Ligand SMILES: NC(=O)c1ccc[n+]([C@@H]2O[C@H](COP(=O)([O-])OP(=O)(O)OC[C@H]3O[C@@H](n4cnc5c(N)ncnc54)[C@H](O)[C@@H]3O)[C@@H](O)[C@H]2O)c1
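One chain follows as structure tokens, the form predicted on its own.
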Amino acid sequence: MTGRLEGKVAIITGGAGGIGVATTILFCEQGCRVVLVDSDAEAMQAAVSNIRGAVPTAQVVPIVADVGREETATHVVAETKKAFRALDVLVNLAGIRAYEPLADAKRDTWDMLIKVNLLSYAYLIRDSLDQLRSSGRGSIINVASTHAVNPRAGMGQYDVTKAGIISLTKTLAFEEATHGIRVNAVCPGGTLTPFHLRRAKSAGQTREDLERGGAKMCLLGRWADAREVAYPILWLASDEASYVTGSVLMVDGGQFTN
């Protein structure tokens, strides 16, 4: 199928990451115009080049900004309106990690993760609502994590923020249903992205080492490719999911519980 997002406009945060790039490519293939937001200028430049290489007709507006700052949300929505005069889809995908046991969790780390992983979603949603309501077919997709419902030791701050995203999603679905806005969450499992490859390399591991580890994570016995996570996001953004709201879609290959 083609043209599943024809004529629609989307904002995608965390757009220079592996899932962000895969989602933008898929959206552009399906006729969507995209405002891409990320804090990493170098990664953003590479992402836009990658996207336009994959989809030469892609209409992409890159914005380099820190989504953890409240004023960024206002700026991004204003630039979207200026560029495309509409907004139909918001994909909140920005996220950062920390590796601290809760017993050692620092205030600065808590503040940083909550600002980016949770408050950035809340700010951008709030500032996008007028445009999404005007769309008459608005869709918000909040990307959480399988670890929102399957937490593990050593990343408690990250997992707590992802659990908060699910609560935010369900509450907003109740509040915005009368305005025609659908709100859903996607919870990816282990997804093999450049982030994981870089982290593995710094720890002296190869891609093959990572792939062997993936066999132990889930029922399907492997990591996901970023595009496999992008497809469920596409579906929720499209009119095919017109009767779906307040849902949490696990895209984790059958994640084992701890």
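All residue numbers are counted from 1 along the displayed sequence. Because the structure is predicted, anything quoted here is derived from the model rather than measured.
One more form of this protein, predicted in complex with the ligand, exists but is not displayed; see below.
Subject >> Which of 78 to 86, 126 to 134, 95 to 103, 169 to 177 sits within 4.5 Å of the ligand in the predicted bound form, heavy atom basis >> reply: After filtering at 4.5 Å, what remains is 95 to 103.
Original post:
Would residue 51 count as a contact of the ligand in the predicted bound form, using a 4.5 angstroms cut-off between non-hydrogen atoms?
Top reply: No.
Original post:
With a 4.5 Å heavy atom cut-off, would you call residue 35 a contact of the ligand in the predicted bound form?
Top reply: No, residue 35 sits far enough from the ligand in the predicted bound form that none of its heavy atoms falls within 4.5 Å.
Original post:
Does the ligand get within 4.5 angstroms of any non-hydrogen atom of residue 195 in the predicted bound form?
Top reply: Although the ligand is absent here, residue 195 would touch it in the predicted bound form, with heavy atoms inside 4.5 Å.
**OP:** Determine whether any heavy atom of residue 228 comes within 4.5 Å of a heavy atom of the ligand in the predicted bound form, and answer yes or no.
**Re:** The answer is no: residue 228 has no heavy atom within 4.5 Å of the ligand.
Subject >> Listed residue that, although the ligand is not shown, lies within 4.5 Å of it in the predicted bound form (heavy atoms), from 68, 62, 232, 214 >> reply: Only one listed residue qualifies here, and that residue is 68.
Subject >> Three-residue site 16, 40 and 145 fully in contact with the ligand in the predicted bound form at 4.5 Å by heavy atom >> reply: Judged in the predicted bound form, 16, 40 and 145 all sit within 4.5 Å of the ligand.
Original post:
Of 183 to 207, which residues get within 4.5 Å of the ligand in the predicted bound form if you count heavy atoms?
Top reply: Heavy-atom contacts to the ligand in the predicted bound form: 188, 189, 190, 191, 193, 195, 196.
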